[in-house]
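Given next are two forms of a protein chain, the same chain in both, each as structure tokens and marked structure 1 or structure 2.
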Structure 1
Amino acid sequence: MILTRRNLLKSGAAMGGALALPRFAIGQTKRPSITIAVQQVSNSASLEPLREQSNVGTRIFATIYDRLINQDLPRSLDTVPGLAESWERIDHRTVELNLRQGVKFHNGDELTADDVVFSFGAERMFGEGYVADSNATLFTNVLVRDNVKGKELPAEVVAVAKRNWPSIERVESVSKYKVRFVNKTPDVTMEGRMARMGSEIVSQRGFSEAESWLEWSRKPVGTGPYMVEEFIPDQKLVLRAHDEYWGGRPPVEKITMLVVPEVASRVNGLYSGEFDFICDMPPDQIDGIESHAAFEVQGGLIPNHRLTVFDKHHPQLVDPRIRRAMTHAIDRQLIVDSIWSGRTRVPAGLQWEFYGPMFIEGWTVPEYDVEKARQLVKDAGYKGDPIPYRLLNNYYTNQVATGQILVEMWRQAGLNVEIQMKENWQQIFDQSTQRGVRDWSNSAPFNDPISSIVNQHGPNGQQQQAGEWSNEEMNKLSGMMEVETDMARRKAQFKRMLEICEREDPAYTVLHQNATFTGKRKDIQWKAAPSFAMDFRQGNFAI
């Protein structure tokens, strides 16, 4: 039975002590069900990773899907064997992978090479009529789309597929349990691309039997430890254990994710026993939650940075000096120390140390210098016309508070930035009125700059696809870097990209590294990943 606050009070539980009693007896044999309160389940009302490229999507996809190469979620996010037991780099254009045998999809079908070929094919990814190369065999056996059933792919799906795999020539079946990826051009990042969100493997039969793409996207068929039982957009997602999971029987019978936008409601629900986990906790809530013996908070830094993004076509932002002024007017350390209680940090621009040899040592975000910002504003001849700042209501942790602080910092530099509250991402990107500034975050799905600065801000990236920003040299460098195999030259290209995007012709400015915090019942043994993803596989959950 789920304990309510009233039941707890009847039992004599004091609000200042251990509030919620465990719902499951320690040592029980029946698997528990858990409830997780989240800020949002899906931005696009979809569970298809090629459509739902978001932080909230990242949280759930590791439970529904596997990739050929997975991330080691409970530990370092290093790549580990997933649906592929092993792989071999044949040359700069070719990777061969050996599939696990006996892997079952949620519909009971066995995974074979045909499912992998389909997962990276026209009907799932690239759209009808897409031909990568005249000699390609990738699209010879795909099913003909039935337009009456509405199986046309949304434009966003095709855009993401081409962004993630800009030069794939073919994926072919070598044998029942062996596949070969062949790129049109050299690409040292192919293995990383296989491990990123958007490269999930799906059931060919499951996709084909769906009456429409929408039906598929709301009840997809993967190989992950949990399968979709019910999905009501903007309300809840219910997942059921997939007992034939190749990685071992899942330890939870049912996972229910409830959309609870208000932080206070999530916290109170944890205290009352309504929720077992609560996500997206602001740092100022941590001490309060941990003051109760029955609860704890887990989490910390993740490979994701919060950004402010510019639309350079707005009349007040055409001059790069205004955008540069905005980058110098921000006291990022003050934001980290005050709003985040020092639990995150100001990073070295849009990069992460796990890039290894590709990390640009000595690079920093633009220095905080109000006088420099004021001089740039003066030199640009800015007359005080308003600059719109489109803002969501705390989609990101502390988003509104951060936006309000930024507006005041920009005001100190002589810039008139006006907040425009919006309800959803469609309104954020709407072009019917002039856009100026917006919030965003960028992740690094694998350990190479291609995964972030090129993927998000290059010619195929969302910022350019949305018509906000473009730079000819940046686009040329992006194309060069994607085919370059000499690591020293690739590193020099990356450094030049940072100079363009963060200094000369700002596309964005990094605010801080992101961190995510999850409140939970202390009697549940569970470890948060250094990621938005939540892992409930065998070995990472016990009561």
Structure 2
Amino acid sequence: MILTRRNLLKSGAAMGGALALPRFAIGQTKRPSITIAVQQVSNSASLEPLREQSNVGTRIFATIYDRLINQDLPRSLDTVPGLAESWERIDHRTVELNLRQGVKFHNGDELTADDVVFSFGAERMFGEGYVADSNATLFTNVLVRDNVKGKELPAEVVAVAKRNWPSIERVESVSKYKVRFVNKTPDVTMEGRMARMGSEIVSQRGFSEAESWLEWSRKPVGTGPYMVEEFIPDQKLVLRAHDEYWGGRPPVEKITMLVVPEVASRVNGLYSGEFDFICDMPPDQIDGIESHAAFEVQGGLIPNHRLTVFDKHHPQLVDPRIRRAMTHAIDRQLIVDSIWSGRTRVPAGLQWEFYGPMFIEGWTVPEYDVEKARQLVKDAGYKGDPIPYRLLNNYYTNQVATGQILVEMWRQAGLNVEIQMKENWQQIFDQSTQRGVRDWSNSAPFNDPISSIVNQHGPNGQQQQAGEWSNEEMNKLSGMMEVETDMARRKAQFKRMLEICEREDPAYTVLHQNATFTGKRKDIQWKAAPSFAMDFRQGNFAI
């Protein structure tokens, strides 16, 4: 280019303009906006993870919030630094975390230790006057505002927080960028709990400025790559790029999630070009979508296993040999291959690889062996009395088809299991008539067996609370494991729990790992996470 006075002036003006722009806007190209059709955005009409404890909630929270310790989406569920760039175990009760500096909330505020303390405080999590199971709890750094009218936490939020953090003593600010978590009892799962749903960090000012808890929960202020622009329950959620996101400029300008309850409508919308992604696709739709050259189906395994659960108080199921026979009579791989098109798998019992050192290598679900099942039935002296199987109409994907297959498999082993269709969970748990078998699914919210086998089948878990099953040794082990810090002993305890719950005195039997499928435009480069969470951060989206 020839240097003329005019060119020089133009260059000067351009440089001046560039300097006036915010840093993130320099050299940025226009980004695409996308539309995602989902079955539901939020079951509880709230975007607060402590209220919306659901799979659909999991899908959106990674876009709005960060945790101190994140999961390594979209690659795995391993824990990686999030808002804390490093952390250190002071002792078995204490963890100190160094916060990432320069992190901005959606409202422009910088993240400090005060926000973390607030996020785990009474005002947001535990409610006023919270007292833990024993001793006084010291939330010394929480500023309890006088004008909390309209900010009272829903009771279930407090209950979820207490379940997530049963023994937390205090969270305190050490310095502007350092926080300390202190538990009342030794707990090796503290880091895992920080990475679980419900431990999202929110802006203290954002919470304080909201008129009410409800308003806050509809437009929360986090640090995630996208901020909430509009949320209309049961209709849509609009997210806008948070350009100051610490993890890099988000690659999508606007994400619109539309609630489209009908599967056929979601598929048609993908074909017609109205949607770029469609979620919650049943496996039987995969071939149809992939028969179109322009579309593909992504996704797969999520940290959630489908189970058959036993009520050991049923006259036929009191004898563990009958329950064991049921576990051996199931050809799980056949279920996976036939009604899941081979797109999921039979896992190694109620555990996941992201447990890391706590994963029990070599453990499997009971082997498929009809002869063994028949022998167990014979040994138990079973006379063919019916065993009720309470079934919901496809609350879980393929639930009815799976139930019908199971009944036929159990029949092969000589068991007379009768399906009773029910409308809701209340009828499933109803104790006015004899219960026998039911369906369930178990997740692992964090990377330790405490999060699944203890929380679901231990003394405070749903199965025992519902009066279906209990085992003295299992309950003793649960209590021991919660405070055990020696990893070898913890692992041995976990293995023993699996032996009790899945072999000796079956509480449940794992059928298969669950999977979720997302249809999408093939020209969009995007990878589904091994979770319900959808990741639209830099590096995982391009057209």
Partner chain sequence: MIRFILSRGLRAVVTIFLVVTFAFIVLRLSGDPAMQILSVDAPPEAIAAFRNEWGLNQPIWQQFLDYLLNVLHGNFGDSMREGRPAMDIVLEHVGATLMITLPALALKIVIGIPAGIYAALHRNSLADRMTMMISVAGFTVPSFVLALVLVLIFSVHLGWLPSTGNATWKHAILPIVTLGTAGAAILARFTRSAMLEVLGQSYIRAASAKGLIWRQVVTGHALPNAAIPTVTIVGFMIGSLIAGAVVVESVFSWPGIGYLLISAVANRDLAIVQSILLLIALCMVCANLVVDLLYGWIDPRVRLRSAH
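Computed from a prediction, not measured in an experiment: that's the story for all the values here. Quick note, the numbers are simply positions in structure 1, starting from 1. Note that the rigid core is defined as the largest set of C-alphas that superpose within 1.5 Å between two forms.
Comparing the two isolated copies of the chain, the first one is the form predicted alone. Superposition of the larger rigid part on its C-alpha atoms leaves the smaller part rotated by 24 degrees between structures 1 and 2. Relative to the superposed core, F494 moves its CA by 4.5 Å between structures 1 and 2. In the core-superposed comparison between structures 1 and 2, the CA atom of R323 travels 10.0 Å.
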